[in-house]
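Form predicted on its own, single chain, as structure tokens, below.
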């Protein structure tokens, strides 16, 4: 029997008192599953990630979020992280005065990941030159993604939310990021939600299911290969015709 790792049910969300940005969103990830969340820019994908992580700027008007069958809708971010949630954000924060190395030491000590393994991943990502610089200060887009991936590796989450890891990354960097992805998610019990509008990262991680979000709504769910082929050939609007989404996912 498959165990549900993350369940979002009938979620309505608005940001900073503005208009509704997520509208009746539902999705379910099983333990060990790899899921794509696709959609054009501005469709609400990053807002969903922020809401799942508990960013207070995103107000849950109605709906529920469950992590391993525990309701976490009202929990602060640190409690969600302590329960196994990890994230790579699309827009990484710049933290002056704190080096990437210092942060990696603290995170890996808490999670039990060896610093030797973290250094090996830094080498694999060609990111050792970033370790003694302030986090993300002066980093290129690709360097920010590498730093975020290093931090995620050090955190060793049970459920990882990956927001646009393949956006703004050149081909060579994407190859190295993809290899670390394969290493990081070789554990069959680790669950992964990959947010992307290009789908390029899917070449490196076998995915089970894909959802498509447009204008703050889930409009399609189904086989990731078929959905990606449709998007590449006919664009996201073709997904509005999808009949693979049941009432529970609308």
Partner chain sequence: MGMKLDEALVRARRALDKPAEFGPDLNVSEFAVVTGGNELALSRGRDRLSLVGVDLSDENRAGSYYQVDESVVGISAKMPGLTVLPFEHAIEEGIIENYVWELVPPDLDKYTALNAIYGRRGYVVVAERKRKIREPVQACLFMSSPGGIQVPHNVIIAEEGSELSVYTGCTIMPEVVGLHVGVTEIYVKHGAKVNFVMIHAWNEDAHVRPRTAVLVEEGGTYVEHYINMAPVASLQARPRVTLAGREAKAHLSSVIVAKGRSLMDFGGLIRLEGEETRGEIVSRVIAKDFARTTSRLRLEANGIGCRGHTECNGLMLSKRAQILTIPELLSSVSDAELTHEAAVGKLKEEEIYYLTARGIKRKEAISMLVRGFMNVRIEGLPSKLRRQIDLAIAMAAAGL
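In this text the structure is predicted, and so the values were computed from the model without any measurement. Positions refer to the first chain, counted from 1.
What comes next is about the form predicted in complex with its partner chain, which is not displayed.
Among heavy atoms of residue 40, none comes within 4.5 Å of its partner chain in the predicted complex. Using a 4.5 Å cutoff between non-hydrogen atoms, residue 98 counts as a contact of its partner chain in the predicted complex. At a distance threshold of 4.5 angstroms between non-hydrogen atoms, residue 205 is out of contact with its partner chain in the predicted complex. Though the partner is left out of this view, residue 53 does reach within 4.5 Å of its partner chain in the predicted complex, counting heavy atoms only. Taken together, the three residues 210, 226 and 241 all stay farther than 4.5 Å from its partner chain in the predicted complex, as judged by their closest heavy atom. Think of it this way: in the predicted complex, its partner chain has a heavy atom of just one of 123, 132, 116, 74 within 4.5 Å, and the residue is 132. Think of it this way: in the predicted complex, its partner chain has a heavy atom of just one of 127, 180, 165, 87 within 4.5 Å, and the residue is 87. In the predicted complex, the residues of 102-133 lying within 4.5 Å of its partner chain by at least one heavy atom are, in order, 103, 106, 107, 110, 132.
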